[in-house]
Ligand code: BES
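Single chain ahead, written as C-alpha cells, the form predicted alone.
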Amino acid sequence: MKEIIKVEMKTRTVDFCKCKTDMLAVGVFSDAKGLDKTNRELDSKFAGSIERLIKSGDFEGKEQSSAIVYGNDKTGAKRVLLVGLGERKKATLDTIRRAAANAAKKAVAMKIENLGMALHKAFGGRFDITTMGQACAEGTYLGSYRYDEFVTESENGRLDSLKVELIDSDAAKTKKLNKGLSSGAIIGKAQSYARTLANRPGNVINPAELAAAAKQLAGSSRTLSCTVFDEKQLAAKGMNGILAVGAGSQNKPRLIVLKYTPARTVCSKVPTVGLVGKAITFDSGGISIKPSARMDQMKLDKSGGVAVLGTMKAAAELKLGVNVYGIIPAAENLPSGTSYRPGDIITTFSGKTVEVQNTDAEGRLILCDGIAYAEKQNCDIIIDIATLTGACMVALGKYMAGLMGNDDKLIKTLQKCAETSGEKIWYMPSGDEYAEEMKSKIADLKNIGSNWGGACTAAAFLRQFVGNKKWAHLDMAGMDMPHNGKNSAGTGSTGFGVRLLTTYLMNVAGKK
C-alpha cells in the first residue's frame, strides 16, 4: 500500500525577499487598504506584480482563494502564493489554520517540493506567535493530506513528500514559531493517522484489525499500554451491548483499552480522563438495514474510535501530564442468521437492560458498555465521541458537532477548546425530558426515542451509564463524512475530534 504524503516542517530565520524556495505563501485580507509591509517588500522585488494583480480584481483576498505571482532572477522565491484570509475583523486563529491548509493543498496539487510560509505576518500581534506556529503546522498537515494508498496508477502522479518552512526575519519570533510548530506537527500527524484509519474500508479494517493497530501504536510508546478483550472475554464480563451489535458478522467484536501513563508522576489534583470512541468498522444497519445509497460511506462509522486513537497518540508524543484511558468498543453491524433483532432485550455491562427497537441505533449500545467500563475504571471525567445520529446532522449540518453533558464547567471548557482547535461544537440539551422518552415498558431502557430530538434522546440514553462522573458527549455525525473538496481537509475523513480532544487534554495537563 502506498505511503501517505510525508510532511517535513521546520522554521528558518531569513529575509522574506531573499528566501529561496519553490513557493512562498503570504496572507492577504479582503478588506485591507493596500499591501502590508511584508507584501510591499515582496512586491518591490516582483516588479509590482502583486499590487497589479490585486488592483485588477483577479484576486480579492476572500477566504479559501489564492493566486500565484511568478518570480524572476532577482527574487528568492520562484513563486509567491497569495492566500485569501477574508475580512480582518472576522479573523480567528482558525483563519490561519485554514490558510496554511489552503497553501499546503495548493503545493501538493502543483507538485511543489519546498514551501515557505509567512502567513503569520499578516496578523501582526493579534494572536500569540507560538499559537500561530501551532495552527500553521496543524493546517499544513490538514491540507497536504491525500488518501490514495490503494491507487495503483496515477496519470500525473504526485510527490511523496512536502518540505515546509515557517519563516521570519526575526530570530526571536522564529524561536517562538518553532515551539508552536513542534506541538502542531505532533497533533497534525495524529490527525492524519486517524484519517487514514477512518478512510480504510471494511474489508481492510475490521474490529480485530483496529485492535491490532491500537496494539501497534502502544508498542511504539513507553507510556502507552493496550489491552484487547475478544468476544469470549466480552461475554465473561457481560458486555452484551458490544456482543449484540457484532453478533451478525463473522468479524467478531472487540473492546480496545489504551492507557496513557505519563513518565512523571501526575499531581493528585489532575483528573483521570476517559475517552470513549464508537468504532463500528462498517454499519449496514443490521436487520433494520439502511438504504443502499451512500452505504459505502458507513466505513466512516468508526470515526469516533479512531479519533480516540489519534488523541492517545498525540497525548503520548506531547508527554502530557494527565492519566488517560482510551476506550474503543469495536464491532461490525451486519445482518445474518445470528444478528440481534428488533424486540431483543439486552443486559448491558452496567446491569441495565435495553429493549432493541431498531438495530441501526447500534452505536449507543456499544458506547454504553464502553462508558460503563470507563466509570468502573474510576475515570473522573468521561468524554464519548461518535458518529451517532443523523438527527444531529439534521440539526447542525456538516458545520459542527453536537455537545451534550452533565457538568457546566466541563461543557464550557470543551467550548473554549473548540474555539482554540477550530473544531466547532454546539451545546444541546439531554435532560430528564429526553431521558423519559428512552424508558421502555418491558426493560429499563429502549434504544430509540420518538421521531423528534433524536440527538438529544440518544445522549440522554448514554447519560444513564455514567454514574456520578462528569460526562460529555460529542455527536460528530456529519463532521467526518465526505466533503466536496472545498473545505480545508479535502475529501474523505477529516479526522474530526483529534485536535479538540488533544486541546482538552493539554488544558487539563496545564499546557494551555
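Start at 1 and count along the sequence shown; that's the residue number. Just so we're clear, the structure is a prediction, and the values are computed from it rather than from any experiment.
What comes next is about the form predicted in complex with the ligand, which is not displayed.
Colleague: With the partner absent here, would K278, K290 and T387 each sit within 4.5 Å of the ligand in the predicted bound form, counting heavy atoms only?
Modeller: Verified in the predicted bound form; spot residues all in contact, yes.
Colleague: Could you spot which one of A477, V28, V466, L474 gets a heavy atom to within 4.5 Å of the ligand in the predicted bound form?
Modeller: It is A477 that has a heavy atom within 4.5 Å of the partner.
Colleague: I need to confirm a contact call. Of L35, A443, A67, I448, which residue comes within 4.5 Å of the ligand in the predicted bound form, counting heavy atoms only?
Modeller: So the residue touching the ligand in the predicted bound form, by this definition, is I448.
Colleague: Taking any heavy atom pair closer than or equal to 4.5 Å as contact, tell me whether A391 reaches the ligand in the predicted bound form.
Modeller: Contact with the ligand, yes.
Colleague: Does H120 reach the ligand in the predicted bound form if we count a contact as any heavy atom within 4.5 Å?
Modeller: Contact with the ligand, no.
Colleague: Taking the shortest heavy atom distance, is M298 within 4.5 Å of the ligand in the predicted bound form?
Modeller: M298 belongs to the contact set for the ligand.
Colleague: Examine S225 and determine whether its closest non-hydrogen atom to the ligand in the predicted bound form is within 4.5 angstroms.
Modeller: Outside the cut-off, so no.
Colleague: Which of these stretches, 203-211, 410-418, 423-431, 352-360, has heavy atoms within 4.5 Å of the ligand in the predicted bound form?
Modeller: The contacting stretch here is 352-360.
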